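In the form predicted alone, a lone chain appears below as C-alpha cells.
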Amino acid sequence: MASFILRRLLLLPLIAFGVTLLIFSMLQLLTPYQRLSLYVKDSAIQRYTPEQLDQLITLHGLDKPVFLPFQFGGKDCSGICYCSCTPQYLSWLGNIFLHGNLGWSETDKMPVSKALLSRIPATAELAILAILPLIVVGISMGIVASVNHNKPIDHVTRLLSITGYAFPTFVFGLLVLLIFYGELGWFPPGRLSNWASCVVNNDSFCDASHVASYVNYTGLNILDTLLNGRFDIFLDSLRHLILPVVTLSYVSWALIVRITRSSMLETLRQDYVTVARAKGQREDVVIRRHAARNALIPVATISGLVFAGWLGGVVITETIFNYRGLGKFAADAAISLDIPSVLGFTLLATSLLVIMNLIVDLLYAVIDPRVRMD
C-alpha cells in the first residue's frame, strides 16, 4: 500500500511539469500585441502610439520566444521582473521549488499563492455542498432505476438523467438565474450580500460592534457564521449558494445516475447475485450487500474525478453566478492574459486531480476487498 501511494505521488511533479510546459508552449501562438494586454488594459491602449507599444513589447521581452530569458515575480512580488541569465520556464520552476514563489497576480493584485488560498474556501464550500445531493440522490436513483428496470420509474429516471446530461452547464445556470433571480428575486448571485460581506470581511466602514464580533475561522461562510452565531448571515450565504449548488448537482447528478444504473444492471446479472437469491436471501439484502457494493466501483471513480474538478474550480458556474472562487479567478486571469495566475491555478487543479484520483483508488479496497493495492 505504501509503495503504491509513493509511486502515485511521484507522478505528480511529472504531470505538473508536462501540463505547465504545454501552457508555456501555447503562449507561442499569441502575438506580442496580445501578450501586451497583461500590461496595458484595452481601455487605455488608445492613449499609446504604435511606437510606444513597440517599446513596451521590447521592454518586457514580448517579442522574444517564450523560452528565452526572463522570469515571473520580483523579490517584492509587486509585479513582473526580468533577468537575462536563465530561461523563462526553468526560472519559473526554480521560483516555485526554491522560493515557493508563484509570481504576482494582476487579477487580484497580490501574490498568486495568496490569491489562490483566499479563493479556495469559496470553491470548497460550493463543492462540498454540491457533492452531497450528487452522491445521495444520484446513487439512490440509479439503484432504484436498475432494480425497476423498464418500469415507469426507470423511464422517468432515464428521462431526467438524459435531460440533465444533455443540458450545457451555462444554459442551465443562466436559465435558473433568469427564473429564480431575474423573475422571482429569490436567490441572488455572488457569495454574500453587500451588508453580509461587509461584516464577514471586517471592512472598516462596517458597524464596529459587528466587525469585532465576527471571526473568520475557516473561510467557509456556512460554518463560520454558525460558529459566530450570525444566523442572519448564514441564511444570506445559503440563499447565494442554492442556485450554483443546484446547477452543479443536477448536471453531474445526471451522469452519476446513468453510470449507477448501467453498473447495477450489469451486476444484477452476475452469477453470485443469482446464487444469493437462490439461497432465499431477501431482495433488499441482495441489492445492498451483493450488488450495490460491486456496482459502486465505477461510480466512485466518476464521483471522485467530478469532485476534484469542482475543487479545482468550476469556471463556468462561478462565472455565471459571479461567485468569487477559484473558477472565477481562473476565468478572470485567462481573459486578462494573467499568465502567472493561470499557471498557479493549473498547478493547483492538477495537484488536486492527482491526489483525488489516488484517494479514489484507495477507496476501491474499501468498497471491494478483492481489490489489492500493490
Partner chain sequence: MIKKILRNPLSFAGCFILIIFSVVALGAPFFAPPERPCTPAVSYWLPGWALSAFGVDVSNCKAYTIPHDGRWPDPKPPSDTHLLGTTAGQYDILYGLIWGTRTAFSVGIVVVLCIASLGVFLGSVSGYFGRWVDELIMRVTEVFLSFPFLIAAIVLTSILGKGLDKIMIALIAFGWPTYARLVRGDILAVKEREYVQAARATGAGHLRIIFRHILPNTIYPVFVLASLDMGAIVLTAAALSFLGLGSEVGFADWGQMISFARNFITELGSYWWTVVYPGLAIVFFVLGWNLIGDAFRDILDPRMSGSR
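Residue numbers count along the first chain shown, from 1. None of the values given here were measured: they were computed from a predicted structure.
Another form, the form predicted in complex with its partner chain, is not on view; read the next lines as being about it.
Of the candidates Ile131, Leu177, Val299, Ala115, Leu177 is the one whose heavy atoms come within 4.5 Å of its partner chain in the predicted bound form; the others do not. Site annotation in the predicted bound form: the residue of Leu223, Ile242, Ile162, Ile153 reaching within 4.5 Å of its partner chain with a heavy atom is Ile162. Contact with its partner chain, judged by heavy atoms within 4.5 Å in the predicted bound form, is confined among 118 to 126, 290 to 298, 143 to 151, 242 to 250 to 143 to 151.
Interface membership of Phe234, defined by any non-hydrogen atom within 4.5 Å of its partner chain in the predicted bound form, is ruled out. Proximity of Val306 to its partner chain in the predicted bound form falls outside the 4.5 Å heavy atom cutoff. Its partner chain is not drawn, but in the predicted bound form it has a heavy atom within 4.5 Å of Glu183.
When contacts are judged by a 4.5 Å heavy atom cut-off, Leu265 counts as touching its partner chain in the predicted bound form. For the stretch 316 to 335, the set of residues having any non-hydrogen atom within 4.5 angstroms of its partner chain in the predicted bound form comprises Ile316, Thr319, Ile320, Ala330, Ala331, Ala334, Ile335, in sequence order.
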